[in-house]
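Below, in structure tokens: the form predicted on its own, a single chain.
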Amino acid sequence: MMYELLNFKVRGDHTGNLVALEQGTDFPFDIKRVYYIWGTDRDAIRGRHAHRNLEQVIVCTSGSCDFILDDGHERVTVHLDNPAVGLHIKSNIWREFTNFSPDCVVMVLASEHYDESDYIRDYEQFKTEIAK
């Protein structure tokens, strides 16, 4: 499956912790878009799509949630609960996320600008496209 967990360097002392993310050092792609999600009901299911070309690094900056990843052959659940760990999801991976803690904030760093034509929003179409 085309994903990996990235462990970011934490700098900290008695005043708190800091993670600095730098393009070219901490990411396998140029960052073209950043967005974040919060205030999501615990049992909501977000995502429900794949991307043809876009890659993402997803960081749960507060709280926790589960990402369900599916490459058409294997389905895995990745639990995010550490702001020093990023989930790198490559293209052509179906993703859903759920099981949000009340304080969950998810930040997404994307390799491309928003482009609706890059999305595959139907699971059956996703399976057809990756079978090619």
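For every residue, the number given is its place in the sequence shown, counted from 1. Everything quoted here is computed from the prediction, not taken from an experiment.
The discussion below concerns the form predicted together with a small molecule, not included here.
Note on the partner interface in the model of the complex: the residue among 85, 68, 31, 37 having a heavy atom within 4.5 angstroms of the small molecule is 37. Taken together, the three residues 3, 79 and 94 lack any non-hydrogen atom within 4.5 angstroms of the small molecule in the model of the complex. Contact check for residue 90: no non-hydrogen atom falls within 4.5 Å of the small molecule in the model of the complex. When contacts are judged by a 4.5 Å heavy atom cut-off, residue 46 counts as touching the small molecule in the model of the complex. The small molecule in the model of the complex comes within 4.5 Å of no heavy atom belonging to residue 123.
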